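First comes one chain, alone, set out as structure tokens in the form predicted on its own.
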């Protein structure tokens, strides 16, 4: 008879300890700023360098969340988990903006939400930090015309066409190519699978020999296309233009495999996003420009400036002292 009350008391103590620990763990995240990418490719390493720079300058804590499969479903699950544990603000590159509006709006009720890299303009996000992707697409169209001034057939490659950045880039390319002799035959999708990105390029090289220009819209597409062209011994015969500044892309430009790239500034995605989140969290609304867009700009990198550009990029990515 005397053991039962003692056991019940111990049970209540244990339950209280578990509940307290869970709450303590959850509370530990309340001051975190969370940076959510749309995939796990190396492109985001540069953005993380910017995140860590802001983290150190501001004396705050930031968490990087990278969907390993690159699917919209996984990204949405990550966002839901972040909201459950709590945070001070979220910077997200939405994978499927039209179908994420309700989830993003719900997140906006709980914390500060901004978009980076890819926008969700129909949502209630506070600001977009990143590239004007339509203008950047037009810049890539310019590189395409430089690479193949005589004109010809081209194929575009990208992960998906759900993301707003991919939609806008393709639209910008097609706008820039109006009146030119370059004809875009199709856009091939790889669903953020780098091996598939390469096999897509290989299929075009072997199956459509009249296509002389291959164009990558996402960061990993450039190196994947370059590998396929080099392995097929088609360097110089097939031209390549692409996006972003992965080492594989810059190396291929040095070697003359890729003509040029439209390099976004992912370092600024990370750095500016965290600074803006922190300012908003402290009541500073002045960081939101008219129109709600912080355009981080792009750099056009060709063989004549790739060395200078790459050296500067390495300095940004180096750990700060």
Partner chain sequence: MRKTLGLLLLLVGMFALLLVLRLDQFGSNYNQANLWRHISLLAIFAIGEGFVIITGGIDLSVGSLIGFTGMLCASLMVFLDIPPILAIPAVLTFSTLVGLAHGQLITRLKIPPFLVTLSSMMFFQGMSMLINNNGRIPLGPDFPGFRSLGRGGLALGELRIPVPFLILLGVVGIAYFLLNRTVLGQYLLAVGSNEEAARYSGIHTDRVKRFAYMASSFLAGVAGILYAGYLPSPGPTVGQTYELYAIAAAVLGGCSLTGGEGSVIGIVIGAAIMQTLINGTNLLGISSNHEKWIIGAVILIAAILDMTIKRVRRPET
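The model shown is predicted, which means the values in this text are computed figures rather than measured ones. Residue numbers count along the first chain shown, from 1.
Another form exists, predicted in complex with its partner chain; not displayed. Remarks below refer to it.
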Checklist entry - Since the chain is shown here on its own, which stretch among 172-180, 125-133, 207-215, 89-97 would lie within 4.5 Å of its partner chain in the predicted bound form, judged by heavy atoms? => result 207-215
Item to check | 295, 55, 48, 32 - the one with a heavy atom within 4.5 Å of its partner chain in the predicted bound form | outcome: 48
Checklist entry - If you check 138, 196, 153, 145 against its partner chain in the predicted bound form, which one has a heavy atom within 4.5 Å? => result 196
Item to check | Heavy atom of each of 41, 202 and 232 within 4.5 Å of its partner chain in the predicted bound form | outcome: yes
Next on the checklist: Is it the case that residue 275, even though its partner is missing from this view, gets within 4.5 Å of its partner chain in the predicted bound form, heavy atoms only?
Outcome noted: no
Checklist entry - Does any heavy atom of residue 114 come within 4.5 Å of a heavy atom of its partner chain in the predicted bound form? => result no
Checklist entry - Is residue 69 close to its partner chain in the predicted bound form, meaning a heavy atom pair under 4.5 Å apart or at it? => result yes
Next on the checklist: With a cut-off of 4.5 Å between heavy atoms, is residue 192 one of the residues that contacts its partner chain in the predicted bound form?
Outcome noted: yes
